[in-house]
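In the block that follows, a single chain appears as C-alpha cells, in the form predicted alone.
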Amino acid sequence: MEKTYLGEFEELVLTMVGILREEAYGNAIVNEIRGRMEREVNLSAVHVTLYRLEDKGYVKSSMGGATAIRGGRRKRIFTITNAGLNMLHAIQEKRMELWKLLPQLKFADL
C-alpha cells in the first residue's frame, strides 16, 4: 500500500505550491499562509519543507529570472509534480471518508 501521509505543515506548503503555481517561491508561500491561514510561519521553515518535498518528489524547482526589485537575485520557483498532486488528492479522499463516518452532531437550543 502506498503511503498517503504528509505532516500537516508539509501538506500546507504543498497545497500552497499548487495554489500559487508559477509564483510559488519561499516568500510568496509564507505570505499566502499568513494571509489565508492567519498563521505565523518563518521563511526558513518553509524552505526546509520545500526541499524535503522536493526530495520526496512532490515538487520540483527551477531558478527564475533576476529582477531589479530583488537586487538582481533570482528566485527559486517550485512547481507541484504529478506525484504531489496525487498525494493531495489521496489525502483529501481519505479525509472525506473519515468525515462521512462522523455521526451527525445535534446541538440543543440555548
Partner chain sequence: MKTSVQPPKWAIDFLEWFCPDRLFECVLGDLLEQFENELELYGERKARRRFVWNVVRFFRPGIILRNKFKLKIINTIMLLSYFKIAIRNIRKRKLYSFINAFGLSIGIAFCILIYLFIQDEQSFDQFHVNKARIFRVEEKSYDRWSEDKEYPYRHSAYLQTGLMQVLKDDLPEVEMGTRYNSGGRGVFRYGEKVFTEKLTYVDADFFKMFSFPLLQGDAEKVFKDKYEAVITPAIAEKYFGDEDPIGKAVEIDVNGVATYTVTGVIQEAPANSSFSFEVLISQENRMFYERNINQWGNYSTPTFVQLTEGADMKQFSANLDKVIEKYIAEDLEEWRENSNLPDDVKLLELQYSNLSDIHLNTKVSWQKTSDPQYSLILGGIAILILIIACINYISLALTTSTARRTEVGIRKAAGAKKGQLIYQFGFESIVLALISMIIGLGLVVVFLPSFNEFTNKGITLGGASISGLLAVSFAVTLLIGLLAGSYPAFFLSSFRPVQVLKGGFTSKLNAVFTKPLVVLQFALSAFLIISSVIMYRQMQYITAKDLGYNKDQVLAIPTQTGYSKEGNKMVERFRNYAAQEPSVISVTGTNSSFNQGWSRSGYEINGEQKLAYVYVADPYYVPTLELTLVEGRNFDPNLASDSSALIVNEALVRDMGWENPLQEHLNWREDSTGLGPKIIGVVKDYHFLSLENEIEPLLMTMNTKDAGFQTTMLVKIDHGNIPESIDKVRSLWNELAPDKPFDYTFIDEDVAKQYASYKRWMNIMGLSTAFAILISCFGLFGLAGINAMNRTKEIGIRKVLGAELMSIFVLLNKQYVWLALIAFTLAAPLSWYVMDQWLADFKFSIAMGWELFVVSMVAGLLVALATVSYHAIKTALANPAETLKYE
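Residue numbers count along the first chain shown, from 1. Everything numeric here is computed off the predicted structure, so don't read it as measured data.
The same protein has a further form, the form predicted together with its partner chain, not shown here; the description that follows concerns it.
**Q** Does each of 21, 57 and 82 have at least one heavy atom within 4.5 Å of its partner chain in the model of the complex?
**A** No: no residue has a heavy atom within 4.5 Å of the partner.
**Q** Might residue 35 be said to contact its partner chain in the model of the complex, defining contact as any heavy atom within 4.5 Å?
**A** Contact with its partner chain, no.
**Q** Under a 4.5 Å heavy atom criterion, is residue 39 part of the interface with its partner chain in the model of the complex?
**A** Close contact is absent here: in the model of the complex, residue 39 is far from its partner chain, nothing within 4.5 Å, heavy atoms only.
**Q** Using a 4.5 Å cut-off on heavy atoms, which residues of 53-69 contact its partner chain in the model of the complex?
**A** Counting only heavy atoms within 4.5 Å of its partner chain in the model of the complex, the contacting residues of 53-69 are 54, 55, 63, 68, 69.
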